[in-house]
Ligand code: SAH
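A single chain comes next, written as C-alpha coordinates; it is the form predicted on its own.
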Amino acid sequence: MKAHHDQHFLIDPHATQRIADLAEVKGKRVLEIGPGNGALTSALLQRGAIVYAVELDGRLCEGLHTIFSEEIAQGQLTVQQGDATRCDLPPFEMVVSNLPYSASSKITFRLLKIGFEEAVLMYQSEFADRMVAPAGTKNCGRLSIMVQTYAVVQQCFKLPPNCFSPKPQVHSTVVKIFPRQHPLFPINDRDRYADVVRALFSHRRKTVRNCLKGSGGMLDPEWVRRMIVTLPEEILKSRPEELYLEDFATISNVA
(Lines give C-alpha, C1' and ligand atoms only; values in the text may rest on other atoms or scores of the structure.)
Protein backbone atom coordinates (compact mmCIF):
# COMPACT_ATOMS: atom_id res chain seq x y z
CA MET A 1 0.00 0.00 0.00
CA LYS A 2 1.25 3.47 -0.84
CA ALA A 3 1.42 6.33 1.66
CA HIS A 4 -0.86 9.32 1.27
CA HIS A 5 -1.84 12.31 3.40
CA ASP A 6 1.63 12.92 4.89
CA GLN A 7 1.96 9.35 6.14
CA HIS A 8 5.26 7.52 6.50
CA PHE A 9 4.78 3.81 7.03
CA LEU A 10 6.79 2.19 9.79
CA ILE A 11 8.70 -0.68 8.13
CA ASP A 12 11.24 -1.58 10.83
CA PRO A 13 9.79 -4.62 12.65
CA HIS A 14 12.04 -4.13 15.68
CA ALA A 15 10.83 -0.53 16.09
CA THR A 16 7.22 -1.67 15.75
CA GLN A 17 7.65 -4.23 18.51
CA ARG A 18 9.36 -1.68 20.78
CA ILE A 19 6.44 0.73 20.39
CA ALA A 20 3.82 -1.93 21.03
CA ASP A 21 5.67 -3.06 24.16
CA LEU A 22 5.69 0.40 25.77
CA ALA A 23 2.24 -0.06 27.28
CA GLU A 24 0.18 -2.98 28.59
CA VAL A 25 -2.59 -3.12 25.98
CA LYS A 26 -4.06 -6.58 26.60
CA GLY A 27 -7.83 -6.31 26.91
CA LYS A 28 -7.71 -2.52 26.48
CA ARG A 29 -9.66 -0.49 23.92
CA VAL A 30 -6.82 1.07 21.97
CA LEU A 31 -7.27 3.90 19.49
CA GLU A 32 -4.82 3.87 16.59
CA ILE A 33 -4.83 6.96 14.38
CA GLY A 34 -3.32 6.57 10.94
CA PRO A 35 -2.77 2.78 10.89
CA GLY A 36 -1.54 2.94 7.30
CA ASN A 37 -0.35 -0.51 6.23
CA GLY A 38 -1.24 -2.11 9.56
CA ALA A 39 2.23 -2.90 10.91
CA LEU A 40 1.56 -1.41 14.35
CA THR A 41 -2.05 -2.61 14.19
CA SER A 42 -0.80 -6.18 13.87
CA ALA A 43 1.57 -5.81 16.82
CA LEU A 44 -1.24 -4.42 19.01
CA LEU A 45 -3.60 -7.23 18.03
CA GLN A 46 -0.92 -9.83 18.82
CA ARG A 47 -0.74 -8.37 22.33
CA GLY A 48 -4.46 -8.75 22.89
CA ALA A 49 -5.61 -5.18 22.32
CA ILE A 50 -9.08 -4.33 21.08
CA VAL A 51 -8.10 -1.90 18.34
CA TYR A 52 -10.13 0.95 16.89
CA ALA A 53 -8.24 2.17 13.82
CA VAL A 54 -9.13 5.53 12.28
CA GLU A 55 -7.68 6.06 8.81
CA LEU A 56 -8.26 9.00 6.48
CA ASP A 57 -7.35 7.25 3.22
CA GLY A 58 -10.13 5.08 1.84
CA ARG A 59 -7.71 2.89 -0.15
CA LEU A 60 -5.74 2.12 2.99
CA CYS A 61 -8.98 1.25 4.79
CA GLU A 62 -9.79 -1.25 2.05
CA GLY A 63 -6.35 -2.79 2.43
CA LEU A 64 -6.76 -3.08 6.20
CA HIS A 65 -10.11 -4.80 5.75
CA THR A 66 -8.41 -7.35 3.50
CA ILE A 67 -5.38 -7.94 5.74
CA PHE A 68 -7.35 -8.15 8.98
CA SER A 69 -10.64 -9.65 7.80
CA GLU A 70 -10.53 -12.36 10.48
CA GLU A 71 -9.80 -9.92 13.35
CA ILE A 72 -12.55 -7.61 12.14
CA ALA A 73 -15.02 -10.49 11.97
CA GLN A 74 -14.07 -11.48 15.53
CA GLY A 75 -14.62 -7.94 16.81
CA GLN A 76 -10.99 -7.45 17.84
CA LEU A 77 -10.47 -4.72 15.24
CA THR A 78 -12.68 -1.94 13.91
CA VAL A 79 -11.52 0.14 10.94
CA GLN A 80 -13.14 3.54 10.54
CA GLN A 81 -12.50 5.92 7.66
CA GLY A 82 -12.31 9.53 8.84
CA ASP A 83 -10.26 12.57 9.73
CA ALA A 84 -9.15 12.12 13.34
CA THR A 85 -8.99 15.88 13.85
CA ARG A 86 -12.76 16.18 13.49
CA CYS A 87 -14.62 12.88 13.03
CA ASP A 88 -16.47 11.10 15.81
CA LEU A 89 -14.03 8.85 17.63
CA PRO A 90 -15.02 5.49 19.14
CA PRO A 91 -14.74 4.94 22.91
CA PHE A 92 -11.16 4.15 23.89
CA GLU A 93 -8.96 3.79 26.96
CA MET A 94 -5.51 4.09 25.42
CA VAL A 95 -3.93 5.55 22.29
CA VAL A 96 -1.02 4.00 20.37
CA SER A 97 -0.29 5.71 17.06
CA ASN A 98 2.21 6.89 14.51
CA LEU A 99 0.60 10.28 13.95
CA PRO A 100 0.75 12.13 10.62
CA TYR A 101 3.17 15.04 11.08
CA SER A 102 0.85 17.70 9.66
CA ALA A 103 -1.99 16.89 12.06
CA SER A 104 0.06 16.15 15.20
CA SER A 105 -0.86 19.33 17.05
CA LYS A 106 -4.61 19.21 16.35
CA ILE A 107 -4.85 15.53 17.21
CA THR A 108 -2.83 15.90 20.41
CA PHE A 109 -4.98 18.79 21.67
CA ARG A 110 -8.13 16.82 20.84
CA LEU A 111 -6.97 13.68 22.63
CA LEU A 112 -6.07 15.66 25.75
CA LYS A 113 -9.52 17.24 25.74
CA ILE A 114 -11.29 13.87 25.35
CA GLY A 115 -9.09 12.12 27.91
CA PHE A 116 -7.40 8.72 28.05
CA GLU A 117 -5.49 6.50 30.48
CA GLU A 118 -2.18 6.47 28.65
CA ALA A 119 -0.86 7.21 25.16
CA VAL A 120 2.13 6.04 23.14
CA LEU A 121 2.56 8.41 20.21
CA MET A 122 5.19 8.98 17.56
CA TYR A 123 6.00 12.53 16.47
CA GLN A 124 8.54 14.41 14.44
CA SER A 125 11.46 14.81 16.87
CA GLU A 126 11.37 18.61 16.81
CA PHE A 127 7.69 18.49 17.74
CA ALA A 128 8.36 16.05 20.59
CA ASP A 129 11.13 18.32 21.89
CA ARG A 130 8.76 21.28 21.96
CA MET A 131 6.25 19.24 23.93
CA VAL A 132 8.71 18.90 26.81
CA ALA A 133 10.32 22.36 26.58
CA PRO A 134 10.09 23.81 30.13
CA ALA A 135 7.85 26.81 30.75
CA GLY A 136 9.89 29.97 31.08
CA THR A 137 12.41 28.99 28.38
CA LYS A 138 12.77 30.23 24.81
CA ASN A 139 11.84 26.87 23.31
CA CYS A 140 8.52 26.90 25.16
CA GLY A 141 5.40 27.57 23.09
CA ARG A 142 1.68 26.98 22.96
CA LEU A 143 2.19 23.24 22.51
CA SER A 144 4.52 23.03 25.54
CA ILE A 145 2.11 24.88 27.83
CA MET A 146 -1.06 23.08 26.78
CA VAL A 147 0.47 19.60 26.97
CA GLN A 148 2.29 20.14 30.27
CA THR A 149 -0.77 21.71 31.86
CA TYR A 150 -2.79 18.54 31.40
CA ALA A 151 -0.24 15.74 31.08
CA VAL A 152 3.21 14.37 31.84
CA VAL A 153 5.30 13.55 28.76
CA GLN A 154 8.11 11.00 28.71
CA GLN A 155 10.36 10.74 25.65
CA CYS A 156 11.16 7.07 25.03
CA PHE A 157 13.38 6.68 21.95
CA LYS A 158 14.13 8.18 18.54
CA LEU A 159 13.81 6.51 15.13
CA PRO A 160 15.85 7.45 12.05
CA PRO A 161 14.29 8.05 8.62
CA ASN A 162 15.27 4.60 7.31
CA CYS A 163 12.68 3.03 9.65
CA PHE A 164 9.95 4.42 7.38
CA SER A 165 8.71 4.27 3.82
CA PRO A 166 8.80 6.74 2.24
CA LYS A 167 11.74 8.09 4.25
CA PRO A 168 10.89 11.39 6.00
CA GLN A 169 13.42 14.22 6.05
CA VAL A 170 13.52 14.21 9.84
CA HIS A 171 13.94 11.87 12.79
CA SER A 172 10.93 10.73 14.79
CA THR A 173 10.50 10.37 18.55
CA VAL A 174 8.19 8.00 20.42
CA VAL A 175 6.72 9.43 23.61
CA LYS A 176 4.43 8.28 26.40
CA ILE A 177 1.79 10.68 27.67
CA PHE A 178 0.10 10.33 31.05
CA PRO A 179 -2.83 12.72 31.67
CA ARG A 180 -2.81 14.52 35.00
CA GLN A 181 -5.82 13.87 37.20
CA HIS A 182 -5.93 17.64 37.78
CA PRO A 183 -3.90 20.50 36.27
CA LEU A 184 -0.93 21.59 38.36
CA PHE A 185 -2.70 24.90 39.03
CA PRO A 186 -6.48 25.49 39.26
CA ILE A 187 -8.10 26.48 35.96
CA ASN A 188 -11.62 27.86 36.16
CA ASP A 189 -12.46 27.55 32.45
CA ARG A 190 -10.45 25.21 30.21
CA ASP A 191 -11.73 26.76 26.97
CA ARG A 192 -10.77 30.23 28.15
CA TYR A 193 -7.38 28.95 29.27
CA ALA A 194 -6.78 27.52 25.79
CA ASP A 195 -7.81 30.83 24.19
CA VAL A 196 -5.43 32.78 26.45
CA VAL A 197 -2.49 30.51 25.65
CA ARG A 198 -3.23 30.71 21.92
CA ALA A 199 -3.60 34.49 22.01
CA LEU A 200 -0.37 35.03 23.92
CA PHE A 201 1.75 32.81 21.71
CA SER A 202 0.34 34.41 18.58
CA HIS A 203 2.63 37.34 19.47
CA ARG A 204 5.27 35.63 21.61
CA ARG A 205 7.89 38.38 21.18
CA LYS A 206 5.60 41.07 22.56
CA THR A 207 4.82 41.71 26.22
CA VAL A 208 1.78 40.07 27.76
CA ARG A 209 0.10 43.49 27.93
CA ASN A 210 0.53 44.04 24.20
CA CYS A 211 -0.42 40.45 23.38
CA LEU A 212 -3.69 40.91 25.23
CA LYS A 213 -4.37 44.26 23.58
CA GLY A 214 -3.75 42.70 20.16
CA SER A 215 -5.69 39.50 20.79
CA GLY A 216 -8.36 40.50 18.27
CA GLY A 217 -11.27 38.08 18.07
CA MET A 218 -9.57 35.47 20.25
CA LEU A 219 -10.50 37.13 23.58
CA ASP A 220 -13.41 39.27 24.70
CA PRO A 221 -12.27 42.95 24.64
CA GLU A 222 -14.05 43.84 27.90
CA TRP A 223 -12.46 40.88 29.66
CA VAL A 224 -9.05 41.92 28.29
CA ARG A 225 -9.51 45.37 29.82
CA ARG A 226 -10.27 43.79 33.19
CA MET A 227 -7.20 41.58 32.92
CA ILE A 228 -4.87 44.48 32.23
CA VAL A 229 -6.22 46.35 35.26
CA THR A 230 -6.14 43.27 37.52
CA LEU A 231 -2.94 41.41 36.64
CA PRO A 232 0.38 42.15 38.39
CA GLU A 233 2.75 44.40 36.46
CA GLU A 234 5.38 41.65 36.64
CA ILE A 235 3.20 39.43 34.45
CA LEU A 236 2.05 42.21 32.10
CA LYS A 237 5.59 43.28 31.23
CA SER A 238 6.83 39.70 30.62
CA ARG A 239 6.88 37.91 27.28
CA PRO A 240 4.78 34.74 26.94
CA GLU A 241 7.88 32.54 26.69
CA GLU A 242 9.01 33.88 30.09
CA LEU A 243 5.82 32.87 31.90
CA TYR A 244 5.34 29.77 34.02
CA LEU A 245 2.33 27.45 34.08
CA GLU A 246 1.00 29.20 37.17
CA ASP A 247 1.09 32.55 35.34
CA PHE A 248 -1.10 31.27 32.49
CA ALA A 249 -3.61 29.98 35.05
CA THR A 250 -3.53 33.35 36.87
CA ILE A 251 -4.26 35.22 33.63
CA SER A 252 -7.12 32.95 32.50
CA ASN A 253 -8.74 32.95 35.97
CA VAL A 254 -9.29 36.72 36.05
CA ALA A 255 -13.01 37.16 36.68
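Just count from 1 along the sequence shown to find any residue number. Keep in mind that this is a model prediction, so the values were computed, not measured.
Although it is not shown, the form predicted in complex with this ligand is what the next lines describe.
Engineer: Quick check for you: of 43-51, 195-203, 26-34, 223-231, which stretch puts a non-hydrogen atom within 4.5 Å of this ligand in the model of the complex?
Structural biologist: In short, 26-34.
Engineer: Any chance residue 67 has a heavy atom within 4.5 Å of this ligand in the model of the complex?
Structural biologist: Flag for residue 67 set to no.
Engineer: Whether residue 60 contacts this ligand in the model of the complex should be assessed with a 4.5 Å heavy atom distance threshold; does it?
Structural biologist: Judged by the heavy-atom cut-off of 4.5 Å, residue 60 is in contact with this ligand in the model of the complex.
Engineer: Answer for residue 84 alone: is it within 4.5 Å of this ligand in the model of the complex, judged on heavy atom distances?
Structural biologist: Yes - in the model of the complex, heavy atoms of residue 84 and this ligand come within 4.5 Å of each other.
Engineer: When the contact criterion is heavy atoms within 4.5 Å, does residue 56 count as touching this ligand in the model of the complex?
Structural biologist: Contact check for residue 56: yes, within 4.5 Å of this ligand in the model of the complex.
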